[in-house]
Structures are given as C-alpha cells and as structure tokens.
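Here we start with a single chain on its own, the form predicted on its own, put down as structure tokens.
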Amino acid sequence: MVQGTQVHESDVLVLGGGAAGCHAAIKAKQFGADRVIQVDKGHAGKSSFATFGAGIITVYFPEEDDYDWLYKTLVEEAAYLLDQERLQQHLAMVWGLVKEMDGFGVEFEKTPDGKLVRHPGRAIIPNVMFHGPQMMDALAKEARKRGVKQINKVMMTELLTKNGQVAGAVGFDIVNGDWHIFKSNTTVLATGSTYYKGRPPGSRINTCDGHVAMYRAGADIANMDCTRHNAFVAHYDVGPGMHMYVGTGGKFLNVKGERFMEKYSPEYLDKSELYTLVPAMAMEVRRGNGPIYLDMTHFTPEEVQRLKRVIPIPMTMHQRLGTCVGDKFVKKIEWMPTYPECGLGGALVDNRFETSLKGLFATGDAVPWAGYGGGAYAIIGAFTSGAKAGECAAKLAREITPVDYSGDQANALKELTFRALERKDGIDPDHVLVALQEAIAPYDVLILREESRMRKALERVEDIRDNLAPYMYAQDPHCLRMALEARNLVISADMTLKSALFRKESRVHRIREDFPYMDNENWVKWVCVKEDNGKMAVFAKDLPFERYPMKPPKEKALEPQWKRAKELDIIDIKEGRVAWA
C-alpha cells in the first residue's frame, strides 16, 4: 500500500505539533533558520496533549513572587533530583514567553484593566488561565505566519544517523502510506510522552514515539523510573481539568465521605501535587476505603461559568453526562489514577536541550522535567524548553557540517516500518495494547512499588515484547500507526520497569515498599537506559552538584509519604520494609 517517496530538506526539523514543537518552530525562525519544517502525526496545534490542557499554566511572576523561596522550594520538592541550571533557565524565561503568547493572540483570563488573573491550583504558586484549545490554535497559527512549513498526518518512526550525528528522520503518511524522508541540519524532537492510551483526551496519540526513536538511535534516556500518575474521572473520557477543579474548591472524598487529604497533606489538602495525591488515593484503596470521589456540588454558578470558559471541552463532557446541569454540579464524581505517564523521563540533554547525539535536540515531555509544582514541567515547561531548543537548533544549524544518511540505512528503516503492513495476518495491535495495560496499570506496580510485583509485570512486558509485538499486522496505514504505537509503548514499559527496579530507594514519584528510605548518600542520581548491541543497558549517572547552588543533605531518611503514613498508623517499618497495618 506504499504509494511513493517524498524527500524534504530543512535547516531545522521539528517533530511534534504541540506546545513544545510550536515554540521550537517559532524560535527557530526567529533565530534565523530559513527552512523550518514541523511534522505531526495528527495535526499541528490540534492533536497534542496541550490542546486538551487543563486551562491553567503555573507561571512565576518576577514582580510578585519570591524567587529565592520558590527556587529553594522547587529543588526540595523534587528531592534534589532535577537539573538546577535548567530550572534557573526556566524561571528566567517563562514570564517573557507568556507575554509573547499574549501578543500571538492567546486568550488569557484578565481583569477589567488587562492584568492576568492568577488562580490557585495544584501547585505552590498561583496559575494563569487560558481558554482551552484556543491557545494551541494561536501558537500553530503563529508558526505558520512566520513561514514554518507544517506537514500533518505523517508519523515519525526512526531517526537518520551517521557517526553519532542525526541527519533527520523518516516516517509515513498515516492516510495514504507515502514514505517520507526528512533531511535536516538539526532536529528538534517534541513528540510528548504517554499515558499508555488511558483516559485523558489528547494523550492517546502520545505514545513515546520520540523516546523510542532516540533510544534506538543510541541516545541516553534518563529518569524513566520516575512515573507520574495523574487522576481523572473514573468511568468516562472527561478531562483534564483537575487544576481548575481543586483550585476552585473541589474536595476529594473516600467511600466513607471523609476528606482523606486532610490526613495525608494537611498543608495543601486537595491541592497537593500528584506525587502526594495519587499515592494517598492508592493507600486509601489499599485500606478498603475506595472508591474515591471528587465533590464539586458546592460550586457557585459563577465558578462553573468560569470553568466553562477555561476548560470548555471537559465541561461540555460533564454537561452531556449529566454530572453538571446548567451551572451546577449535581453529583459527586468517581475519580481514579491514570496509567503511568512517562513525561518525567526522556533524553538526557544539556542546557541547550541537545542530546548525546550531535544535532539532535529534545524538548517538552521528551526530556526529564526540571522540577514539579511551579517548576519547568508540563505545558509551561514545554514553552520554555521548546523555545530554548528551537533557538539553539537554529544557531547550530548554521555552524554544523551536515551529514548525509546512507541509502542502505533508509531502506532498512523503511522495511522495518512497513513490516506489519506486509503481513497477511497476525496479532491485532489492540490485543498487544490491552495486554500491556493489564501488566502496568495496577496501582501496586508503579504507584506503590515492590520488587516481586514489578518483576512479575516486567516478565509479562518482556513476553509481550518477544512473543506478541513482533507478530502484529496492519491492514492499512492507519492500522500501521496503531501497531507502531503499540510497539513503542512496549519498549517504553520495558525501560520504565527496568529503571524502577534499578533504583533501590524511595523518592518523589517512586515510592517502594521494600526500600522505603530516601537515600541521599547513594541515589541522588539519574537512572539511565541505553541501547547496547541489541540489549537494554541500565546505569546511574551523577548530577553535577559541584555546579549547583543547592546540595542535598548527606542522609538517609524515611521518604516523606511513607513517614506520613507511618504517623497515621497506616503502615509500620519492619526489617527495613513497609508493613501494612
């Protein structure tokens, strides 16, 4: 079904049409790149997770917020496992980018005199509110206005390399099967992460395509052990929006009607960050207090009307489901954690966002986040990292000596890409996806971790990798996309579980029953994976604390979430392990 071959040449190639990709493309043009191509397997500005964003971004305001307090809090909140130089860079850039976006036509909630409205949410500093998909519409339009060539419905499958330098990428048209070769001086990878095609709208097209392409090309991938779990409506495809819900006053209740976050996080309560909120939900279920509900029935009509402006898509869904009637939530809504997100892991990059492969930059959810809460993460981190990567890619594109891919390499990648399409029968990609979800979804695999359970999940993932995924087949280019996405998710799960098993401690987003202590003496390090002669090598890499202003205390202490659970008599520590009460 392959129709033909199209070859494209550019100075800067941007892979991904979301918040990071659009900022990278805009900045690449601004910093002098003549030929900028932006590729998306959906539609630039329409298909990314940012398009369905929760209407809120956490923004540091230089004139209002205490920089020293914020910086210190963010480093401590991440338990020191973050790139402090990237955090500094983010805080220096973010306010200027928000003002630029205002100039691009992004609609923000403002006061009558034109100032940005700040709203509480699941973060330590207030947020800025934008109007749902309109933000991405404005960013994609700005990229086109500056002369960026956007190519849609083309899935990037592999990177072209020569002698450790990236020469571009290859992919195929998911509608007609055309084969696309992208030759470029520099490449920016902004392909998002994944929720393993779980509940959140906008996440199902994000399937770790970039993570896997970088891994297969030989890049160092870091922090895959750090899996963030979000939380959404349990039985319906509604979301995101939790920032707005809890910021407006939404209350999490267990099946007994108790506001359980008063116990687990008395300071932030329901506005706690996900690394506190989600384990608390899991602990409540572990104790028999599930299911969990979010109560918004007390919201005023004015508050509901604001939700409709800021998060129009989920609010439309609530109206159709009958959970919100008119300007009133009429029932409590069952809530649950999502599948693990790989947005906390990605290519190991320098402060220009260049990877270990020359000429390849990574950004957004394709790199480890530099902080949580009010730090360089999620949509707001995509803005700053995308902008910096685009700027640096444009500068390097003028200086670098391009390399040309070999015909043999391109032909081999083409054969690998279309293999499932050439089969007459085999295993349906959905069968692989469901098997993978069943392996990694249980809360006691990657939320509340323990070696024997993770090893059992890894054995199942390896079985899927070796005995199911290689035999997938596709009837047409659309189904081929599904097969390749399933393949990438299997490799992503493999990286995540092996990295999680390698880290022998508990730390933010990584709490283990068999290693409940946070060990600053041995584990303030990135856990990395790398392809090595067809095998997955796992290793630790030190952070350059000699360059950072804040150093971790040399101590070993009970991880804060386990410490709180012990104080509540939910657990005890016996022989160095968690014992459930």
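Numbers follow the displayed sequence, beginning with 1. Keep in mind that what you see is a predicted model, and the values were worked out from it rather than measured.
This protein has a second form, the form predicted in complex with a small molecule, left out of what is shown; the following refers to that one.
> If you check in the model of the complex, do T186, T355 and G359 all have a non-hydrogen atom within 4.5 Å of the small molecule?
No, none of the three is in contact.
> Tell me, out of V39, I26, M518, V529, which residue has a non-hydrogen atom within 4.5 angstroms of the small molecule in the model of the complex.
The option sitting close enough to the partner is V39.
> Which one, L253, I464, I205, V445, lies within 4.5 Å of the small molecule in the model of the complex by heavy atoms?
Exactly one residue meets the criterion: I205.
> Thinking of the small molecule in the model of the complex, which stretch from 280 to 288, 103 to 111, 189 to 197, 296 to 304 has heavy atoms inside 4.5 Å of it?
Among the listed stretches, the partner-contacting one is 189 to 197.
> My question is simply whether A20 lines the interface with the small molecule in the model of the complex - judged by any non-hydrogen atom within 4.5 Å.
A20 belongs to the contact set for the small molecule.
> Is I56 close enough to touch the small molecule in the model of the complex, meaning at least one heavy atom pair within 4.5 Å?
Yes, I56 lies within 4.5 Å of the small molecule in the model of the complex.
> Heavy atom to heavy atom, is A378 within 4.5 Å of the small molecule in the model of the complex?
It does: once the small molecule is placed as it appears in the model of the complex, A378 has a heavy atom within 4.5 Å of it.
> Heavy atoms within 4.5 Å of the small molecule in the model of the complex: does P340 have any?
Although the small molecule is absent here, P340 would stay clear of it in the model of the complex, with no heavy atoms inside 4.5 Å.
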